[in-house]
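A single chain, nothing else alongside it, follows as structure tokens in the form predicted on its own.
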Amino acid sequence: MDLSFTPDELTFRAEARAWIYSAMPPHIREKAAVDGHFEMDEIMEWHRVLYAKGWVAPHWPKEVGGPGLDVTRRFILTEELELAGAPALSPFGLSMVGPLLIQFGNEAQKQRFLPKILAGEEKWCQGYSEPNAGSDLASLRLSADDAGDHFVLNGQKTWTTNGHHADWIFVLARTDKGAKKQSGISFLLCDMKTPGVRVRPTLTIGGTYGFCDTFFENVKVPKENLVGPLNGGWTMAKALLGHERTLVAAVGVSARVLTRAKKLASSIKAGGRLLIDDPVVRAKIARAECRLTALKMANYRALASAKLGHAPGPEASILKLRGSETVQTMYELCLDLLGHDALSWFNEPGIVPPQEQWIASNYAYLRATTIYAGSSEIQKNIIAKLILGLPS
């Protein structure tokens, strides 16, 4: 297993890093420097910049509009975008329903949806979780009744990230109430402008409107928006979650936050001396760096496996579990260093330095990383059963 990069790959990394810095609009670069919150119009502005470069979907095949990058260059580009603090593009079209349509969609669905996902002309959200069907996703109750040439949706989805911005939603819905839980589910695409769809945003503890409740009341969905076979949605649900969980290692994000922690420790004083001069603080930073290095090596092992042609398997759960915990650890370290400034996102600008203003908000929002895309408990069950071979 070779965990090193070739000279050509290192050249690509340098080129990608330089391009990202030069291509980032000044107002976005200013927010990126302090890890600020990007509004949807800023995210889509950056989406269009990457689209013009051909890098908006580095993992898509060339025949459907992707850039044809190999797995290593895709990894490098993703890491450099994270390290630069660039706006994280919405994953629901590019990294979830898009790859799913490439794999399972018919030609009409690919032609209708893929170009608009790439160009950023249509934004997507995910309709999986429900008030009583979170980790136990198969218990979902959103119904899709057959009405001839269309289905009629009734029910509710929750934790619909960016639902108030989305043009389309992909949902898991129950199309056979008499079948086993996993067997009676279908995968449907629904236009958010359809009569009967109602979205209610939820203010998060991070002070942003990240999540929504989405309600469906007699919503008509044409049958051509059924992806894959009727009652075959569970297979696609698992495939899509596999794509989602590989996104959560976020090594570049954690590395960026650790760098911020070091800068904070080198600039904040307590008891007349810099925090970085306190051996306890230095030990905390060292432990965080060791944790990050271990995650990075696990990511490199996954990359080496992918270069050999192996598809993501249950090992993705290791990256999801450790990646989500690591980014929380990094922000918790920053919060410890801030002291009273830890509540700074409630303050007026100018009370604390700009580099501190979004740390508490990001810390609070990212408590969700160990819940979304399958909670840590679910990931541990997958690891125990499918990797360690323990009985269920």
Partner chain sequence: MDFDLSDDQRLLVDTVASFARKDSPLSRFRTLRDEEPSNADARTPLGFSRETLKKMGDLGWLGLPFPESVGGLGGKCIDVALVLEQLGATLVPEPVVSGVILPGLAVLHAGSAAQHEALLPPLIAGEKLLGLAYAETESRHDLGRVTTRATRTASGYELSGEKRFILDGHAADGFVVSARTSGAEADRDGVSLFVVDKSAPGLTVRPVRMFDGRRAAMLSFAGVKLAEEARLGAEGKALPALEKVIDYGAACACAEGVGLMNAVLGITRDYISQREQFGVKIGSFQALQHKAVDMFVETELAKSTMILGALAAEDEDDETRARGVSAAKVQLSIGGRLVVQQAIQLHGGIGITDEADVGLYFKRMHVLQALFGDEDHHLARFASLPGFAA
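Numbering follows the first chain given and starts at 1. Nothing here was measured: the structure is a model prediction, and the numbers come from that model.
From this point on, the text means the form predicted in complex with the partner chain, which you will not see here.
- At a distance threshold of 4.5 angstroms between non-hydrogen atoms, residue 134 is in contact with the partner chain in the predicted bound form.
- Among heavy atoms of residue 177, none comes within 4.5 Å of the partner chain in the predicted bound form.
- In the predicted bound form, the partner chain stays beyond 4.5 Å of every heavy atom belonging to residue 306.
- Remark: residue 341 counts among the residues lining the partner chain in the predicted bound form, judged by a heavy atom distance of 4.5 Å or less.
- Site residues 169, 170 and 191 are none of them in contact with the partner chain in the predicted bound form, judged by any heavy atom within 4.5 Å.
- Among 60, 55, 46, 363, the residue placing a heavy atom within 4.5 Å of the partner chain in the predicted bound form is 363.
- Interface residue among 368, 382, 16, 373 relative to the partner chain in the predicted bound form, by the heavy atom within 4.5 Å criterion: 368.
- Stretch 271-279 is the answer when you ask which of 97-105, 271-279, 214-222, 77-85 has residues with heavy atoms within 4.5 Å of the partner chain in the predicted bound form.
- Contacts of stretch 200-222 with the partner chain in the predicted bound form, defined by any heavy atom lying within 4.5 Å, are made by 200, 202, 203, 204, 205, 211, listed in sequence order.
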